[in-house]
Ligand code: MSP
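This document starts with one chain, in the form predicted on its own, laid out as structure tokens.
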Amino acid sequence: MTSRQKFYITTPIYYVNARPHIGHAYTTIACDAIARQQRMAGFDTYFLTGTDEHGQKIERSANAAGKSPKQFVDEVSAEFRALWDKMGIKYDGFIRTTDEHHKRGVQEMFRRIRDNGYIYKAKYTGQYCVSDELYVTEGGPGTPCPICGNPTETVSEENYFFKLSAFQDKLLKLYADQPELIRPETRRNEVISFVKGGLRDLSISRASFKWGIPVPDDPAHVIYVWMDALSNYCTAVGFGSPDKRDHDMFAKYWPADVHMIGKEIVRFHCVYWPAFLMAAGIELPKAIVAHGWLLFEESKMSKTRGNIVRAETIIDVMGNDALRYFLLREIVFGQDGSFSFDALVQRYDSDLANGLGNLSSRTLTMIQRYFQGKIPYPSAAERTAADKNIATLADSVIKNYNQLFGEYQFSRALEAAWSLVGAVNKYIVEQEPWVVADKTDEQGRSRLATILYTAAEALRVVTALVHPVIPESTRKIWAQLGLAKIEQVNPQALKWGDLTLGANLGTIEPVFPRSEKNAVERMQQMEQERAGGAKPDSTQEPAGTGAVAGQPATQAAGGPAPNANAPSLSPTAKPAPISIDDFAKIELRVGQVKVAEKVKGADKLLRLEVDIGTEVRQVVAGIALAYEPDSLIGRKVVIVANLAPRKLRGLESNGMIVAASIGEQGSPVLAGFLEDVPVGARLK
């Protein structure tokens, strides 16, 4: 039996001078998704993360907090680990630079470089940035750090130096011979330009503080924090250990296949780290991939700016998969990306709740209703061009998704997957399985089976592809499809037609309920509280559903039933005034009716399929006594788009059609437009 091919991926180890935020989560989620996909593909995968705990900045932060450095780093490192566990991050190793095996490995790295003739001792006087643990080669006292902009401090002491200058030509040759080492190309070009500008020898020890790893044979000095930190990628898989198991582990997993980092630490990883490894005689990593910054209000998140957004806030309100999907779908990997709570909720509702969630719910519910919860057998005789087009698109999406994901183009990969989601939702609307279900002959039955099989098979394909990105939700959909162990499905070997025919569905439950209408406000308030701001107002009304502002729920077509205990609003009563902020919470959109039919057993209800631009929604509206279904086809209406879904007569209604009533018992009259208004336009 041949051994599996290995795959070793690392996050940077996170500096513990502050608590984790979603900037840290972004890198970790990307690595977690890659690692999950590699495991599914059959690779022996090792995913490493951890915390960087030494240096002068840590020593000062601990003193400011009135704690010992060890106590300080223990507490913050535990917060990182607890957050990754809460997020369901499936890491294989979590390293701390205060671990004894790491210290031993770093000292071994130092010895090898020294014994190979690349370390010497000399006097150093110059500028040093405490924030970035960076020596600044030019400028005088207070010179701004080229990375963070903070003023540097003048340092004068005897240090150990690394002969970085000896590696200038070797590094340039490395970049030329291995163009895929540094990605994306913009970062590679920046590194090449920096190295061509000339490299000076690097001070790699400090004697002015003690919170670090002692230099071998000279404990008055501690090893430069970046040599300490970078070495974690080796020490975590056994480097420097005399134990045979550790030795075998290092031989198995090193070199790393991917170091995933933020763009601000490219120089350390792409210049210093390769030079250290060359000097020590250790093989280089295969790829160093740098992503952009996650910006909030157009600024990089930082403790200093006070614009931190915590992952816990988003998870508590929206769930893990909402955060994972947003970060990988919304942000083009390698570029800076913008985060806002509004964008998060909009992306969740459009892509997850109304996209994949809607496809899963409607497909599986109809299979449950029409085929006793068993995957139906499609009929070759009843297979149409529309069915074949879905199968062809699915095969194309499988190929494109795997290629793009393998290139870490997560946003484009997910865009490809959701093109299939959108196409199948449209296919269902056009094929009208609820109408076909009324045909009781064998041909009609076969056609219905073919439609629902096609939708279910497409759902299976999408679910398997995107499992590494949204693992919790896809695991639920997979179980509802009657399938087991989605983790064992190889996304690179997916193909159309492998859905198990006749399999029993699992329990059908909503996977992506629409977000609460006050989700943004809740997250903003939680951030204020966690930052020590205002406490929540106990008089604030809870989230819920309701009619259009100023109108009783009974007069809103498709809306929820009124609260029996709530006072009614008489036609002459003056409604309580609301603020513009209250009105802004209601999302009104222009929709166009594509399908209209009566709901069986309900005289007043119509089932509508309404196109609102980004998707087609099912809405159940109480307007059957006023409008014939055929008269509504093609009509533009106003939809309350951010109303929580509600079931009426067993049908899920995702929205509300705005209507007026003539008198207390009058018929509803749909709101409309005199001018031509585009579908999906928002009313303000």
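Start at 1 and count along the sequence shown; that's the residue number. All values derive from a computational prediction rather than experimental measurement.
We do not show the form predicted together with the ligand, though everything after this point is about it.
Novice: Is the ligand close enough to 13, 265 and 293 in the model of the complex that each of the three has a heavy atom within 4.5 Å of it?
Specialist: So, yes: the whole triplet contacts the ligand.
Novice: Heavy atoms within 4.5 Å of the ligand in the model of the complex: which of the stretches 619-627, 22-30, 60-68, 645-653 has them?
Specialist: Going through the listed ranges, the match is 22-30.
Novice: Is it the case that residue 261, even though its partner is missing from this view, gets within 4.5 Å of the ligand in the model of the complex, heavy atoms only?
Specialist: Answer yes; at least one heavy atom of residue 261 falls within 4.5 Å of the ligand in the model of the complex.
Novice: Taking the shortest heavy atom distance, is residue 269 within 4.5 Å of the ligand in the model of the complex?
Specialist: Result yes; residue 269 sits at the interface with the ligand in the model of the complex.
Novice: May I ask you to check whether residue 606 falls inside a 4.5 Å heavy atom distance of the ligand in the model of the complex?
Specialist: No, no contact at 4.5 Å.
Novice: I'd like to check something about residue 230: if you look in the model of the complex, is any of its heavy atoms closer than or equal to 4.5 Å to a heavy atom of the ligand?
Specialist: It does: once the ligand is placed as it appears in the model of the complex, residue 230 has a heavy atom within 4.5 Å of it.
Novice: Find the only residue in 175, 226, 124, 254 having a heavy atom within 4.5 Å of the ligand in the model of the complex.
Specialist: Checked against the cut-off, the match is 226.
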